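Given as structure tokens, the chain that follows is alone and in the form predicted on its own.
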Amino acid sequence: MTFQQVYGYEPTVQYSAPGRVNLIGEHTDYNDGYVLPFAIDRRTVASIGQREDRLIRVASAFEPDAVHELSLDELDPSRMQGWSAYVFGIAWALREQAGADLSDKTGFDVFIDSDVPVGAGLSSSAAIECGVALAFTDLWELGLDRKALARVGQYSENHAVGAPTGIMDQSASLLGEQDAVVFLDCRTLDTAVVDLALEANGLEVLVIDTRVEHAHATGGYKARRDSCERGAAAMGVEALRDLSVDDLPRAQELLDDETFRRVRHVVTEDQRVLDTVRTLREQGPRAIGDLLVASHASMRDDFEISVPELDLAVETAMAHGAVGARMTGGGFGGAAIALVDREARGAIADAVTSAFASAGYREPTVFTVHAAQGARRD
């Protein structure tokens, strides 16, 4: 199905935005901490036609028989449902969060197509939000910069979609660059592009999509976030970002065991992000493997967001020569990543697939990704 088949005319313009892989820094973003994602060469494309009335119509290649519509005069989360809320929510958030005056604006016909796997922890949702946010901002001439659009995307996902996510995914999708990671301070939104240099080092990132689907709008993610807020309050800080590894003995005295382990993950993960940035700059990507493995262990044991399939993917990749491996994304399913030598890619992928078959799990989808450019007008 195409834009032309749905709407009966050719689109005026096309925008695209990438999914993302988080190299390291999981569940640190909503704790005002540090993250290190990169945009990937899997993209969501928004084809758009300008309308003369105030209607926004939305269709997609993955739900070809449905066209959702909402007037700019009726924008409210209560009127949005399903995946189309990722599009309508952006228009609403541009008005509510960024203060855009939409009173004299006309609507659009929007058609979404994507090769970002859904439910794999590669942020297919942020790819929709960021492509649409850039498009609407350009076409309505709102003059917002990319950092402002990241906040719009997060606000929409939190309040229109109802998923309590941080700002990492949108920042990566909007700010990504070729063969580089985005070092993001989630409190200040200061960013620095750090060279990954995978190509020069003969390395690739292998994504192992376990095909165990997760949903951030359900309870596990929210429960972790609540634990972090309780931990920060008990420690007398605004956010867990304000604690260091040196504060953990006091935290262990003050907090119940579960809350302490949630706090310990975030505090040590923040430190691992900083260590990874320093290591990339000083020694290059071959030296970060132990940090990736430590991150996975922390998510498995302290934050308890891994699943057996993710653990098996990481263990098998490491046993067959990966430089480092960890689950990536919000957890409870989704994908793991492995940093691998280019020549070993096929053997590691085969080993993981065989291990899944032996364990009686669904066959994983295994593919490589490369750090790519962020959202753009195509």
Ligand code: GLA
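Remember, it's a predicted structure, so these values are computed and weren't measured experimentally. The first residue of the sequence shown is number 1, and the count goes up from there.
The following text describes the form predicted in complex with this ligand, which does not appear among the structures shown.
Trainee: Check 27, 168 and 329: does every one of them have a heavy atom within 4.5 Å of this ligand in the predicted bound form?
Mentor: Yes, the whole trio is in contact, each within 4.5 Å by some heavy atom.
Trainee: Specify the contacting stretch among 198 to 206, 168 to 176, 233 to 241, 105 to 113, defined as having any heavy atom within 4.5 Å of this ligand in the predicted bound form.
Mentor: This holds for exactly one stretch, 168 to 176.
Trainee: Please tell me which of 155, 221, 183, 136 lies within 4.5 Å of this ligand in the predicted bound form, judged by heavy atoms.
Mentor: For this set of options, the contacting one is 221.
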